[in-house]
Structures are given as structure tokens and as C-alpha cells.
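Shown next as C-alpha cells: one chain only, the form predicted alone.
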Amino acid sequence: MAHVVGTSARRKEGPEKLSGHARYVDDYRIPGCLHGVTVRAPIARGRILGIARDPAFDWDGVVIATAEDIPGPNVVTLIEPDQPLLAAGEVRHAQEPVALVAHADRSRAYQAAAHLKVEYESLQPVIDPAQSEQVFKSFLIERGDVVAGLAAGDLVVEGTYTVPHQEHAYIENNAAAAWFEADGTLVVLASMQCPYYVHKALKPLFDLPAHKVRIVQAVTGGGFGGKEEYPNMIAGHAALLAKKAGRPVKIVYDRHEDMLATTKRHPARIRHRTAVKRDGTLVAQDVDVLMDGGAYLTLSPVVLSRGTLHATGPYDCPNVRIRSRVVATHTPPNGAFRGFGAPQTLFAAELHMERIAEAIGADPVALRRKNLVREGSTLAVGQVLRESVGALQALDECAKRSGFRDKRREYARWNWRKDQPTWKGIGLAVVHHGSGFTGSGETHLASRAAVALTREGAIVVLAASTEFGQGTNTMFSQVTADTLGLPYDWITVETPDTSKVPDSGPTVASRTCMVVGRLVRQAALDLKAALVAEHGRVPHTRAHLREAALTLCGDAAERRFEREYEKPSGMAWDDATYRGDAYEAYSYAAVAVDLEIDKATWEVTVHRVTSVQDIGTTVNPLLAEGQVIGGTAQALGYALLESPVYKDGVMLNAQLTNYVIPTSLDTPEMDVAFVPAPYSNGPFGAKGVGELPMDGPPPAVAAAVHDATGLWITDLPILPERLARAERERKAPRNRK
């Protein structure tokens, strides 16, 4: 049997989506369903004085729900119990949900929401995170003596970097439908990444035991982290209306509401002080990170954690201090977004390396080669990298494929000529990304996954890991097929449904392939062993497999083989001191960005991106390449286009007409390559890929802009007006003379 791991097997869900048969939440026609609408606060901070119905409006057929209707505690369970399902008495951010209405006619529901009058007393909000006195979470990581290290360097380079909010802009907006079965079971069908998060949140809200809450993932049109925890909220709203109405309720946001009200990437300010020897050796790194969490905690601690752990970049330095904190403001809560914390701090770390290279007159590739981690390197948390460290290979391959050094010389000659209409530049970045949850996170999750053999001879993967475009179902099928030595088409993957699949943890953190994929492989090995023990081999015909299934299943409908996460031997982590093995393994990438800047308009055009990734074994090359291309395009938007505008805590450009994201016309040529450094505990050697492509392009863009213009733009996005302003400021002293 030919191996399918390492080949570009056809996507499992591809035909359904291409043919239009895939059903998203809004495609379901649920008998008797009402349409729900959310009433949101227009102010950033205040007190709710009262809620009243407009007597001039016809309220016939309208269902209204407020915090008083919630059966259990008014808290959306996540990390900390601080966010209400509906505001009660106090409003902490603009667009906070205050009440819900539903009607059989969607337009009538919107009209009713507009006629539900809420009286507020406005209070002074805190919008600037630097002015916040409420710290959600803080970390301190130290290695060596950073004070002595700063004094020992030949040069200390300082820099401050800022990054903004970023909108997820998934193709399908947030949506959920809910109803109660005759036996009292609450059923939710939703666009989501983490069914068991929703399950955990709804149990206490509705005072229901676990077996009376069933969460089913509908086909999901993109997530990027934006559908990690927010579905807890919209699902809770739909369920509350359904309980009040005694009928099914569906809530589907339009784009404007989705952008106004849901989570974004955390804005951040990162400060660096780095001591370096004249030969390029890093001596000390002192990093300070401030993130804006918004009004409620949501996932801010894990976002800050990852940002903190990646804040130095993938470099070995003997003296490190990283101080970080995420604070509360009266703005909509921020949450997970592809990379969750690492893109923010890696932008600062990698652009700072460019500034160090210029300060000491070093070649940026050589500076990175000198300091990059390799096997045997020790990180700031004390973790020794024992295997699967492909950073150097990725850098060397990227520099070669992009022609980095030759283009730097070529573009310098081009830019020296004053008659040219443009400037040209090329920039580079090297990044890392930990696969899986941090430290003891995977142990606490205790994720489970299974492979089942049914009496009919079907082989089914059972996991709560969701497919939302990244290829989860395809990867699980490839791993299972190769483990059993059976055809890929024989494998199916069960829809994530909490009544059918075990809790394999959230579909986040680049953990699905490495962590859950390993559990799937282990479960498949157990099935294989059972077949071999019973029949001497794994049957290779459908008929023989059905015969074997009857024996193994006995009277049951299926024989399930389930595995639970076990920490790899040798790993140790201390949550109290935040030291030890932060991640099982890291993926690495080197990215080069080749661009041109119009001298008249300051418009930046990216011509080519070269991206070389170490993700261990590439299970499906085409899907992995798609992840890199998609993540790179998203990162280019973060770097150059996406400029969220806020006033008094409200997003002013909450529509895709003036919040600009990359289109196909903005997407440059991309050269994607992989340098395999297999990880022994990954399924067939695989590590994570999903988030890594988000980390490298922004600093590479900023480095290329500097190469082209000589300007250091340390604040994202790098808009034409920001470039023009920087040029005016550079010329200002000369003009004053």
C-alpha cells in the first residue's frame, strides 16, 4: 500500500464545498425558528438605569430576554468568571450586549431591537492601556544577569514598537442556532472552533448537567482564533432566547456587527534594550511588553503568555529579562488571533535585530546565523532544545532562494539613482512558534481522541478538533490510513458533536496535527494491534474488514480505541516560576519580502515573498503550502493595510469598505519551501504549521521598507501616509536650517 502521508491527498470536505452542498448555520431551515438580534450599549462605560419597550411599537410576536432571564450565574465561563452573558447594571465597553430580542421575521426582530429603549448614565472610560490601573495578568522571565549584561555589551540598541488591533475577517460571520429537545436537552449548532468550550460555558448558564448540553459544529467558514471563545457568547444568547420563547432561535451577525462587537488581535507596545558585542554576539536582551486586553479577561493570559515566551525571537542569549502585562480598558475584549501574542512580540524582536545589524554594520543574515538557536541551545525559560531545530536551515535556504544579498546590492544601486520613480528593498525575518499549549497546558487539558471500527467495517476518527478550512479532517485521515496501511478513502471523520466525540481540546495553538494527530495515530495503532491479534493482519479488502469488524465489535455498534494525552518523557514545567519546557517542539520559518515604494504616492507594492518553513514532516504538502500562503497574505495585511480606527472605544471603520484587507490583487508571488526537521513525538514527525506564517512577514516588510528608504517605521500598519510623515520628519531639521 502506497503511503499517503507526505502526499497532497484530496481534501475530505472539498467536493461538498465546491458543489455547494456544504451547509453553514444560516443554510439550515429549522421549523418554527425565530431570528435573534442583540441590543448593544452605545457607550464605553456606564450604568444601566432601565430598559423599556417603546409603547408606539407593535410588540406582538417579539420575545425579549435580559440578564434576569438567565437560569444560572450570569457569567460566560472561560479562564476567569468576569464576563457576563448580558450586562446587568454596568456597561464596560461599547457594543456590550444588554438585551436580546427575537421574532419569526428577521427584519421585524431588528426593528424591535431599535425600539427597546435602554437608559444609561455615562461614566468616564479608560481607553489608553498605558493609563489603566487594572492588570489582568503579568509575567516575568529572567535568565542570567541582564543588568550586568547590558553593561558588558559594546553597544546597547533601544527601540519601541507598536502594533494595532486586527480584525479576523473570516468569510462566514459568527452564527449560532439553539433549541431545547423534548427531554430538556439544550442543542446548539454553531460556527465554531471549540465545541467543548461552548459546552463548558453553557452548563452553568442554564444550570444543566453535562449530558443535557449538546454542541454540534456546523460547517465553519473560517476562524483564525475569532471563533475560539466568542461562540460561547452568541451560543448563550441564542440558547437564552430559545428557552424564553420555547422555540428554536438562530442568531447570525451581519459583517458590521461582527466587526464592531467581537474580539480582535491584542494591540501592544513592546520596548527593547539589547546589548551586543561588535562581532554581533548578543549579550543581553531586556524586553517590556504592554498589551491591551479590553474590558474583560477572555483569553488575554494565554495571549500574553505566548507573546512573552516569543518576545526575544529565536535567539540564544545568556542574559534575558522579559517583563509583560496585559491590562483592562473600556474597549471590546480582545482575544485569540492566529499566532495569539507571538506576531506582536516577534514583529518587535525581528525588526530590532535589523536595527542592531545596522548599528554594528553587520550583515543581517550573518548576525542572525551567529545567534540563532540550534540543538543544545537554552531558552530564557531554561528549556534546552534537544531536537527538531530547523532555524538555521530555514534561514540559509530563504537567503539563497530569495537572492537576498544580491538584491540588497542591486537595490542599493537602484535607490542611489535620483531619477528612478521608486525605491526598492528586500527584508528578512526569522521566527519560531511553539506547537501546542504552553507548559503544563496540554497536561491540564488531558485531551482524548479515538478511532472506531463500526460493525459495517467503517473506520471513523473521533475528535473534537474542528475543520474550518485548514485541513484537519484530511490530515487525520492521512495519519490514520498510513498507520493502518489502508486506503485514504476508507477513512471518515466524525462531525465534532459533544454527544459523539471525546474532548480533544480546542482547535487552536498549532496543536491539532502534533498533539491530537499523535493521539489519533496512537488510537489507530491500538486498532491495528487488535486486528492483528484477532486476524493475523489488517484486512486489505472491504469484505474482509467487515468480517473482522463483526468479530471485534461483538454485539456493539462499534469498537472504539481511545487515547489520552501523555506528556513526553523528559518534559518538565513549573507554572509558579514559569520555567522549564515551554513547548514540546517549535516550528521555525525564515521569510524574505521583496517590495517597491512609489516616490510620489508612497504606495508599497510587495512583488515577492520567499517563505521557508520547518514544520517537521509535511503531512500534506499542498495543504501546508496553502496555510503558508494564506497566513502570509493575512500577515501582509497586518503589516501594510489593516488600520482599525477607534474613537471613545468604538471602531469607526467596522466595514470592509474602509477596513482594508488584502485581496487576490494585493497578494504577491510567493515561493514556499519546507526544510524538514522531524519531531520524534509528532505523528510521522510533524509539528505545527497554522500560526507560524503569521509571524514573519510584518518585520520582513518593515526591514524591506528600511532597505528601500532608510526609514525605520516601528508602528504597524506601514501606511503611505505614515511613510510620508516619517520622511517629512527626517527632512525637518534640514529644512529648519
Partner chain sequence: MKRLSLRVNGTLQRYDGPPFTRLIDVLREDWGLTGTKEGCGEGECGACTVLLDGKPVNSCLIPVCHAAGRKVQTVEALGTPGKLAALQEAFLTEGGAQCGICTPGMLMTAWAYVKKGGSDDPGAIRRELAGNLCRCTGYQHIVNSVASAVRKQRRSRAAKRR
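Numbering follows the first chain given and starts at 1. Worth saying up front: this structure is predicted, and the values here are computed from it rather than measured.
Just so it is clear, the following notes concern the form predicted in complex with its partner chain, a form of the same protein that is not shown.
Interface residue among 634, 95, 473, 83 relative to its partner chain in the model of the complex, by the heavy atom within 4.5 Å criterion: 634. Of the residues given (255, 108, 273, 203), 255 alone sits with a heavy atom within 4.5 Å of its partner chain in the model of the complex. Remark: none of the three candidate residues (564, 678 and 683) comes within 4.5 Å of its partner chain in the model of the complex, counting heavy atoms only. Only one segment in the set 683-691, 44-52, 698-706, 669-677 has any non-hydrogen atom within 4.5 angstroms of its partner chain in the model of the complex, and it is 669-677. Although the partner is absent here, residue 657 is a contact residue: one of its heavy atoms lies within 4.5 angstroms of its partner chain in the model of the complex. Its partner chain is not shown here, and in the model of the complex it never comes within 4.5 Å of any heavy atom of residue 725. Proximity of residue 383 to its partner chain in the model of the complex falls outside the 4.5 Å heavy atom cutoff. None of the heavy atoms of residue 58 is located within 4.5 Å of its partner chain in the model of the complex. Residues 10, 11, 13, 14, 15, 16, 17, 18, 19, 20, 21, 22, 24, 26, 27, 29 are the members of 9-47 with a non-hydrogen atom no more than 4.5 angstroms from its partner chain in the model of the complex.
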